[in-house]
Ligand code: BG6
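Okay, so here's just one chain, in structure tokens, the form predicted on its own.
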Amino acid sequence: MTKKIEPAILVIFGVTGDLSRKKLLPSLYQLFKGDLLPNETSILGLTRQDLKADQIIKDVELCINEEDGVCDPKALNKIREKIEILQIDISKLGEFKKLKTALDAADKKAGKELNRLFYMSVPPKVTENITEELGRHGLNGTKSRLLIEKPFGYDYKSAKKLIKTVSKYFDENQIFRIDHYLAKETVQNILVFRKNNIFEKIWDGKNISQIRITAFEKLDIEGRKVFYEETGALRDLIQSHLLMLLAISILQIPDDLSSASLHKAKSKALGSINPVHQSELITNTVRAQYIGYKNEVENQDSNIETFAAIKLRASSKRWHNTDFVLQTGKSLDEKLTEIEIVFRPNNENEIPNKLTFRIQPQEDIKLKLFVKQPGFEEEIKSASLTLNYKTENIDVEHPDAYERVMVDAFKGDRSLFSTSEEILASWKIVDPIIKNWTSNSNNLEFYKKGSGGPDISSITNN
């Protein structure tokens, strides 16, 4: 049964931040434009600065998802009417009294008790402090939800501590850890695609030699030197997004696709993946930094990776002899996010069949097969069958991933959000790598900006 969107007030911690401006506010504009949110919905942006709503909206590319880049006047006016700004310094004791007063006033204005969604695009330490203050001021009631952007912790130990703090004030069903990759239409289609009889019967290590998950970007760190010096590519994308994509790719599909069943299956899949052993850190991992990064972050001693690739194996009987290769990098020669399934060939001289779920830059599903080359000779060539969302569903618009994330958060549907168990399982996988890389710079490679990145053939070749 589809959950109904109930009236809510969305409280944005860090309304002037990067994710708020580039993802959250443009998605809210689209939702208001499509009349997908109840009329009583309102937005309360929190900032230390003395700003008005119009000043913030002016600096946001609200209409970035419009084909012509021009805002719809009606939708623009609607989001202007919905946003209020509260000047507040969350680092000072007592400031949350202002927030409580503002929320109570919003309830009174709406004539009902609204759901309260607290969106946090802040560092883990700040998330911890905010959560404690919300709890102390009684803002953690049953109608309250936490929307938390990554990173959720910096390693296994800090993530466990953060989970303990958050769970002190909020139940697990109130916590929505955002992973917009899981809201992509192609990713959501993976489970449905796998349920096709011809694929589910061969979806195992006996028939699949490798699952390769890639997230490449042309952009560099875009001035986020403090964030990137604390995070790096392994934490930024592999621990958070790519491991969750891997879980979706290898989990045992439950009989029902309910939120509880999916989370249980994802946790089991992540729990089956072996952490990289100390003896495998050189053979099964590659880390690199683009030339010029040290100057950008003004730290000539930095050993933070802007490219990371790791090879993993699972202990489960179903996948124990399949390689899982996860790779991500910045300042590369292409923008690409995809999941590639490599099937085992019949013999070592045969090129393998491949199934690719392309997530970015365009969304499609491609199956690489062998066919006879036209002509008199019995020559075989490789050909692709492609399902392209734009061409196949020309009259069907599917929402942007962030729009889907927000709609589900407003509904209270946690299917596409990560649980505490999943978060800890993912940190447990990468923790040995983080500890080694933090204390050791000997195996850091370098690559040119705009290139294909470092050579990772040592971990991709079977």
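A residue's number is simply how far along the shown sequence it sits, counting from 1. Computed from a prediction, not measured in an experiment: that's the story for all the values here.
In what follows, reference is made to the form predicted in complex with the named molecule, a form of this protein that is not presented.
Engineer: Quick check on this chain: which one of E280, E128, D236, D364 has a heavy atom within 4.5 Å of the named molecule in the predicted complex?
Structural biologist: In short, D236.
Engineer: Name the single residue among N173, S167, Q360, N189 that comes within 4.5 Å of the named molecule in the predicted complex, judging by heavy atoms.
Structural biologist: Selected residue: Q360.
Engineer: Taking the partner as it appears in the predicted complex, which of 193 to 201, 302 to 310, 268 to 276, 223 to 231 has residues with heavy atoms within 4.5 Å of the named molecule?
Structural biologist: Correct option: 223 to 231.
Engineer: Would you please decide whether K330 lies within 4.5 angstroms of the named molecule in the predicted complex, comparing each non-hydrogen atom pair?
Structural biologist: Answer yes; at least one heavy atom of K330 falls within 4.5 Å of the named molecule in the predicted complex.
Engineer: Check whether Y181 has any heavy atom within 4.5 Å of a heavy atom of the named molecule in the predicted complex, and answer yes or no.
Structural biologist: Yes, Y181 lies within 4.5 Å of the named molecule in the predicted complex.
Engineer: So in the predicted complex, does any heavy atom of R177 sit within 4.5 Å of the named molecule?
Structural biologist: Answer no; every heavy atom of R177 is more than 4.5 Å from the named molecule in the predicted complex.
Engineer: Considering only heavy atoms, tell me if E217 and the named molecule come within 4.5 Å of each other in the predicted complex.
Structural biologist: E217 belongs to the contact set for the named molecule.
Engineer: Does each of K150, H241 and K335 have at least one heavy atom within 4.5 Å of the named molecule in the predicted complex?
Structural biologist: Spot residues vs the named molecule: full contact, yes.
Engineer: So which residues in 113 to 129, when you check the named molecule in the predicted complex, have a heavy atom no farther than 4.5 Å from it?
Structural biologist: Result: empty, none.
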